[in-house]
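Given next, in structure tokens, is a single chain: the form predicted on its own.
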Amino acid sequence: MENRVTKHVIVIGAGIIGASIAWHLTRVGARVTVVSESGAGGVATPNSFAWINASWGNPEVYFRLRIRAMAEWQRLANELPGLPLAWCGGLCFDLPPDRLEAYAAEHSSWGYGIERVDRERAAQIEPNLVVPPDFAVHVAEEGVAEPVATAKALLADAEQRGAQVIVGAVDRLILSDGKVTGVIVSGETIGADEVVVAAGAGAPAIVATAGVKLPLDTPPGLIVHSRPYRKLLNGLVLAERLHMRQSAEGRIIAGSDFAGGDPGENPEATARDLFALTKAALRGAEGLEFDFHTVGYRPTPADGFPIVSRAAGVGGLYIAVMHSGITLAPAIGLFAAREILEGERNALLAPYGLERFAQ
């Protein structure tokens, strides 16, 4: 095994996943170069709703990875004080009552801290909802990480530990004898022992230059942002066709879905309509003003689950691409760094190898 101090790893992508992997690698002594076209914060990360959760709609094996990631967020916050992280809780009522009850029963049995709440309790949790739900579930341990600020904090700390951050476009990976040995960035060659591709929607084009096929969809998601305003929301609210939270700087951030809704033919009109809905849902929001909307392209592997693994048949290449990057980031950073430097794969990653698409 090479001395880990001398192992040079290039991480392509400076969103939350790339930043976490770079930070974890740097912490254990690898020499790290981060390459990003967009600079710190990446492309998908700024357009994220930023919900940290292990909520409904997931099989148990994926729930286990997400719950572990939530615990790793707490570790990360201890190791890097000042991360913009808030365990504000999530109030969820975007499912019909029978499905909401089924979710609560299933996830409770898995150990998720779910409280079933009635209208009165919901109104205590979020006093500014114009129409509190008759039945909802509340998970106190859910939270948010302000996405760009978190990615920037991780990269800044990695830089202080010696990582180098380069802004530039990746032309291609360098492949020799079946192994990736570096990257050409804006015409310049940078050699490495290992290359990590954490470039979200940009990843398929990059790995294709090494002959690797990455089955990725990139559905658009529209999110609206208000101007900063006084505190109206305590935590995350996942209502029917309206998911909203209030950011650390007081902006109400909302989507028709936490991943962002369909922008439609006229995204500006879609955004204004969504903002009007948001404003109407909140008591005391008379002075709330629309500031801007974002349309993010969510890197979503074909089966919806993360791809975190080496590429079969190609040496020196590690891929980490997923939707749910905010929730998973600290666990993926920890596990990927360990696998890259020590060859040890965490059992929670077992279902998420790229080879599952080879059939």
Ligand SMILES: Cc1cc2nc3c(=O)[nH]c(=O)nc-3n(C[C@H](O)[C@H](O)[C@H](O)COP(=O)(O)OP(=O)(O)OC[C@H]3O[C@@H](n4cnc5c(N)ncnc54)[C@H](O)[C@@H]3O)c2cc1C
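Model, not experiment: these values are computed from the prediction. One-based numbering along the sequence shown.
The same protein also has a form predicted in complex with the named molecule, omitted here; what follows describes it.
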| query | Candidate spot 23, 161 and 330, all three in 4.5 Å heavy atom range of the named molecule in the model of the complex? | reply | no
| message | How about residue 319 - does it come within 4.5 Å of the named molecule in the model of the complex, if we only consider non-hydrogen atoms? | response | no
| task | Mark residue 43 yes when one of its heavy atoms lies within 4.5 Å of a heavy atom of the named molecule in the model of the complex, and no otherwise. | result | yes
| Counting only non-hydrogen atoms and a 4.5 angstroms cut-off, does residue 248 reach the named molecule in the model of the complex? | no
| query | Would residue 340 sit within 4.5 Å of the named molecule in the model of the complex, counting heavy atoms only? | reply | no
| field | Among the candidates 55, 309, 324, 33, the residue which, in the model of the complex, approaches the named molecule to within 4.5 Å (heavy atoms) | value | 324
| task | Scan 297, 63, 290, 305 and let me know which has any heavy atom within 4.5 Å of the named molecule in the model of the complex. | result | 297
| query | Tell me which of 282-290, 92-100, 191-199, 263-271 has residues with heavy atoms within 4.5 angstroms of the named molecule in the model of the complex? | reply | 191-199
| query | Of 12-30, which residues get within 4.5 Å of the named molecule in the model of the complex if you count heavy atoms? | reply | 12, 13, 14, 15, 16, 17, 18
